[in-house]
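Listed next as structure tokens is one chain, alone, in the form predicted on its own.
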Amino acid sequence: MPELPEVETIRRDLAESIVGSEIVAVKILFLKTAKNDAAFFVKALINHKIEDIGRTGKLLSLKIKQKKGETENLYLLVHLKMTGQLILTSKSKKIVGGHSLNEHSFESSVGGELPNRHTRAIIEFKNGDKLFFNDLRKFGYLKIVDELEFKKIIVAGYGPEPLSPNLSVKYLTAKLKNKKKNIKAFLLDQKMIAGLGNIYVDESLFLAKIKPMRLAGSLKLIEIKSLYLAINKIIKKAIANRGTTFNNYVDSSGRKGNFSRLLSVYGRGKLPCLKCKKALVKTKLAGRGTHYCDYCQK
């Protein structure tokens, strides 16, 4: 599943291509992908322009430019979940972001010639570009919301992000106090911290020297400070390196992320720890595959 660095890469790349573009056609090929009435969904987008592309955690938000006489801001929310893809095709380029089905070619990575059996929705632009939403397992979604609902979704479902002023040692200290769940489950909770997933939680805990099964409430202040610094360092480096490649993940320019070469523990179960050289441990925790060093992490 794409995490914050991967989705931020998608946001940046698509913003360069579709912001300011006018939508002239919308096709919903799998009704459940659009979480609105189909007629409303199409009407909200057609003959409108993309004004901006934002991101909160792993959620993309495409702001729809208002036309004369319209007073209500609308947003197209896009969540790729586990196997979603956003694919933009034009006369001069093809870019894709999300889960890749195969790494051998662009066509095989998106499931064949577009549209294909994985295509759930298509947005066509006036300049001839087409944005395909593909999703193998159908967990991803598109949803039109107004500004009030958008704000409610963010407030109710998302905590502060790494690299933002709202994520601080003070915030973590308050949220971790007396928490009985393990620290990995805490960090995976989007309501606590937005955008962290399995890869970057394992990497952050290793850098902070904290075992993932530790009770969240057991962390001392010095450990909380180390964790805060580790999260920000890992996410900043991952964004700079365009994310991590797993399950053939491809970013929105069709390029694989290259942070994978910098991973310390994730995906390296039973291999030697890069610090102490003892075998890393792979187990299951908080419902996810979990990697850590039993010696370096306390």
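Don't overthink the numbering: it's just position in the shown sequence, from 1. Just so you know, these numbers come straight off a predicted model, no measurement behind them.
Only in words, not in the display: the form predicted in complex with the DNA, which the text now covers.
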property	result
Any non-hydrogen atom of Y266 within 4.5 angstroms of the DNA in the predicted complex	yes
Residue contact check: G289 to the DNA in the predicted complex, 4.5 Å heavy atom	yes
4.5 angstroms heavy atom contact with the DNA in the predicted complex for L136	yes
Heavy atom of K179 within 4.5 Å of the DNA in the predicted complex	yes
Per-stretch contact check against the DNA in the predicted complex, the hit in 179-187, 204-212, 126-134, 160-168 (non-hydrogen atom, 4.5 angstroms)	179-187
Candidate from T89, T119, N198, S226 lying within 4.5 Å of the DNA in the predicted complex - any heavy atom	N198
All of K32, K58 and H79 with a heavy atom within 4.5 Å of the DNA in the predicted complex	yes
Neighbours of the DNA in the predicted complex among 1-33 [non-hydrogen atom within 4.5 angstroms]	M1, E3, K32
